[in-house]
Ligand code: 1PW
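Below you'll find only one chain, the form predicted alone, shown as structure tokens.
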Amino acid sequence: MAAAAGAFSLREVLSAFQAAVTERREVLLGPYLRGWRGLVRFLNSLGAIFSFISKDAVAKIQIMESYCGGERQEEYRTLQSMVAYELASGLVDIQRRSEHPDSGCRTVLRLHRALRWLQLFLEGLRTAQEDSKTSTICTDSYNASLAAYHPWVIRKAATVAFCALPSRNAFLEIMNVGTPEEAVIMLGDALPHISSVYGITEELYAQHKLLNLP
């Protein structure tokens, strides 16, 4: 059954991240951003709890979409071509955020960090028992990923908000792929593709010493 217009669909996210990686292990930015658009719909379906993440993600997606559709769009076809182009052209603020605060490299890094949290959270939902507390799964995933990059006040607000999360089955129904059992199966199909994109990005950024851009 197709998801309603604007609704989250795990199947669409799976398709986008699957299409994002080429045989040469390049990450195509078009499908990557489509996958992120889907993940934003997932965050929005949970209400205002995740607005502090989803609003920032939307802003970053829009920046990247402008690059991908701009005059130098060929340089922004893949993650690898973007990194090579921006580094060679001096478009990345390595030491401090000043002249190029919205470089593609920095913008994708922010999405990359958030993707790690979502990857951990969805994996936690997939493997947890039916009566597991989603607040605990989400908090543990957040603390292992995004929390390190947020100030104390954001971390505190996030962990308080997580306490209001719905049940695991409610989350699985939001996936729009059928029963909770069917959602678990599709998460098992989708997460390796998300993990692949994350791993390739992590490796590329580590190679060029870009993981701690200001």
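Note that residue numbering begins at 1 and tracks the sequence as displayed. Since this is a predicted model, take the numbers as computed values, not measurements.
The same protein also exists as the form predicted together with the ligand; that form is not shown, yet it is the one meant from here on.
Enquirer: Is R41 part of the interface with the ligand in the predicted bound form - any heavy atom within 4.5 Å?
Expert: Judged by the heavy-atom cut-off of 4.5 Å, R41 is well away from the ligand in the predicted bound form.
Enquirer: Is it the case that Y32, even though its partner is missing from this view, gets within 4.5 Å of the ligand in the predicted bound form, heavy atoms only?
Expert: No, no contact at 4.5 Å.
Enquirer: Taking any heavy atom pair closer than or equal to 4.5 Å as contact, tell me whether D56 reaches the ligand in the predicted bound form.
Expert: D56: yes, in contact with the ligand in the predicted bound form.
Enquirer: Is Y76 close enough to the ligand in the predicted bound form to count, meaning some heavy atom within 4.5 Å?
Expert: No.
Enquirer: So in the predicted bound form, are R11, L187 and Y198 all sitting within 4.5 Å of the ligand, heavy atoms only?
Expert: Answer is no for this spot.
Enquirer: Only one of these stretches, 173 to 181, 143 to 151, 24 to 32, 65 to 73, has heavy atoms within 4.5 Å of the ligand in the predicted bound form; which one is it?
Expert: After filtering at 4.5 Å, what remains is 143 to 151.
Enquirer: Only one of R126, K133, R110, H100 has a non-hydrogen atom within 4.5 angstroms of the ligand in the predicted bound form; which is it?
Expert: Contact residue from the list: R110.
Enquirer: At 4.5 Å, heavy atom to heavy atom, what parts of 98 to 114 sit next to the ligand in the predicted bound form? List them in sequence order, or say none.
Expert: Residues within 4.5 Å: R106, R110, A114.
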